[in-house]
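Just the one chain here, the form predicted on its own, laid out as structure tokens.
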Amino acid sequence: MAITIQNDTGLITLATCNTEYQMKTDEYGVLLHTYYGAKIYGSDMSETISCRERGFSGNLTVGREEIRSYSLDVLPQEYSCAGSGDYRISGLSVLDSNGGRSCTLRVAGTRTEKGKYSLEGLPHVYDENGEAESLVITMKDPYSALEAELQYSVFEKSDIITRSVRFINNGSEAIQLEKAASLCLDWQFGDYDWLTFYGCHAQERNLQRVPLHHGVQSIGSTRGNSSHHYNPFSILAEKNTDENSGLCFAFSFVYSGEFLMEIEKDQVSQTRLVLGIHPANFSWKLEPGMSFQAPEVILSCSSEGFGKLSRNMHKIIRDNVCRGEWKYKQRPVLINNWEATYFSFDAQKLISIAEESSKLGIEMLVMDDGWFGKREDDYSGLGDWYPNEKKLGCSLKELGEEINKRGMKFGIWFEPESISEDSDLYRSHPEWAVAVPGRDPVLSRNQLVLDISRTDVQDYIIDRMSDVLSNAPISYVKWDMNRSICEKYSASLSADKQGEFAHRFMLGLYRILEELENTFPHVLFEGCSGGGGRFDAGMMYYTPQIWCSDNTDAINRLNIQYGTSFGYPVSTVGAHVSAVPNHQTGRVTPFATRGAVAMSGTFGYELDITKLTDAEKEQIRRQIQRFHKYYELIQRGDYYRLTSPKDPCVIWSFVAPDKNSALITAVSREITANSAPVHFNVPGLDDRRLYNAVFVLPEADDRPLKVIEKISGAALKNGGLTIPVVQWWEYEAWQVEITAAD
């Protein structure tokens, strides 16, 4: 069984195939966290907890008697509370009706369930195959009417545990939740590094690895969404951990809004990590008889390094977070007109792009910003989701049909959460824009944010988008959000509930997406927020792919996609080939290299195909054929990082789940004169099987330039491969195709 409860000792164990997670109720009803790591086969690790008096740490009192050797300030706990005598960062902060801020949670009961718990109105890991087992631990505050249900699900074969918390007010007076984290996790021992993924617009998810120091370190977002700046995913790792060895832990927040991830090394060198909704703009009035559901966190542990940890996360997101018709269905290779035309296009221009694209094997044309309302630039039109037939020269239905006649699917861009002041919608409903009364609003990209915490605004968006999607042959929606939210205020909320705005905004977004996807199940929705500003597991529940970054420069993308790969599968990564010089960096890279990098994603094009040379068009034809050939391997294979973007040559591979084949891509990031050979090992294949390895230089018409026959998987893993000694230019790409020889 994945979950075992020893009622006589209070020990609870959550077991996956390679790890165990353990907690124990002590004699005072406190739920202690005793272990998370590699398998220990049910041994009770509470024996490692040392109780002793600590100066200036509050002590437990029982019947007004102080227990000097017992302090919550140093004990490892499963879910900590502020005002309980624990001075470290905590998971829960409560404001009572009398103004008090103390809270104490004690175990009141446990229950197990087959299957996975679900979270109403929130994205979450789901269980289609009956793999999961769930645990609910009921915690009560003996001094108030607050109850907390700690929720756990275990995916034994996947080495995954999920956690969440539900808060219930069983009293007759309101309780104010000031902080309601989804996860609190303690480690008594260990010296760790913390891996986080920082960035900015067009430079998302840069890996940062820093040692934990005494004190509090944190990442988070108060920008209204998860942001380009800090991703809601991190890794805690022992000092010696690398790609293939060492103990490490992953934490992924299944939420797209504001978050705070804190980690503290305390007075006795213990480590605590707390993750949840950012408390800076959060305060939830929990009315009598009501409940509040915190979002979910995905946890995984690996004693085999970052590679195994990433593959655990890839699989659970690909198989148990992404949903719908497009979860596994082969997605079309698309071309987006944004970098080709920006706002300057009409139907004839789009049809000319479609005609040329269809000849080369591209399967979908996506019409980006500028097709609706009075939208000739980014100063106007957002919110007026009515096709501009005068600009297009035809109806949206007619345009879609013309695209379809060319053998192409038709996709369309929306930015439903934003509104322009110069729009009919704003003139009709200025109160629908997010703004603080009496203050000039903060603009960004010349636009305001729609208050989708309101059901009337949600209904408007659902109605307008449904009308557009129902009246034209649209197969794809690019869902964009091009600004952060500054003012956290809703005209529909009372003063004592303004702290609920940011979370209600996200609940509104999730409701809109859920209803539209239920109504239009055949439409492929791609997420976007200025590229990667909302690249998180929460959005992947609704959009199985997300535009990874607005930065389409192939060399910059090496770093962006490398960082992304630690927590998210390639099948979620929107990646396109764009024109050169690149419109963001001015860099010129070979067409084949741009294709090789974009191929490690959902794959498409972002350029004016009518302006390409015949040689470039032929490369597109070959790239698409190659992508189709390896589609399943790329989208569902096991991903391995073989080098990093700090290395002169960046190398990664996909290995088929059955270990029959692999595809390796190498991109020269930096060349020096008289450089050393590029050599790399190839893990993941069957040690005892024999394979053939074919080296291909995509720039050279995909002709095999070197073939190695009947080399064992063990030789590939331990001995490795060397890129052939030919002229090796900067920014050039190689690929190696490996297939079973037997």
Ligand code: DGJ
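Don't overthink the numbering: it's just position in the shown sequence, from 1. It should be emphasised that the depicted structure is a prediction, and the values quoted were computed from it without experimental measurement.
Unshown form predicted together with this ligand; subsequent notes refer to it.
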Proximity of residue 338 to this ligand in the model of the complex, heavy atoms at 4.5 Å: yes
Contact of residue 413 with this ligand in the model of the complex (heavy atom, 4.5 Å): yes
4.5 Å heavy atom contact, residue 530 and this ligand in the model of the complex: yes
Contact flag, residue 547 vs this ligand in the model of the complex, heavy atom cut 4.5 Å: yes
Of 638, 186, 368, 262, the one that lies within 4.5 Å of this ligand in the model of the complex (heavy atoms): 368
Heavy atom within 4.5 Å of this ligand in the model of the complex - residue from 445, 157, 629, 611: 445
Segment that reaches this ligand in the model of the complex - one of 231 to 239, 480 to 488, 463 to 471, 292 to 300, heavy atoms within 4.5 Å: 480 to 488
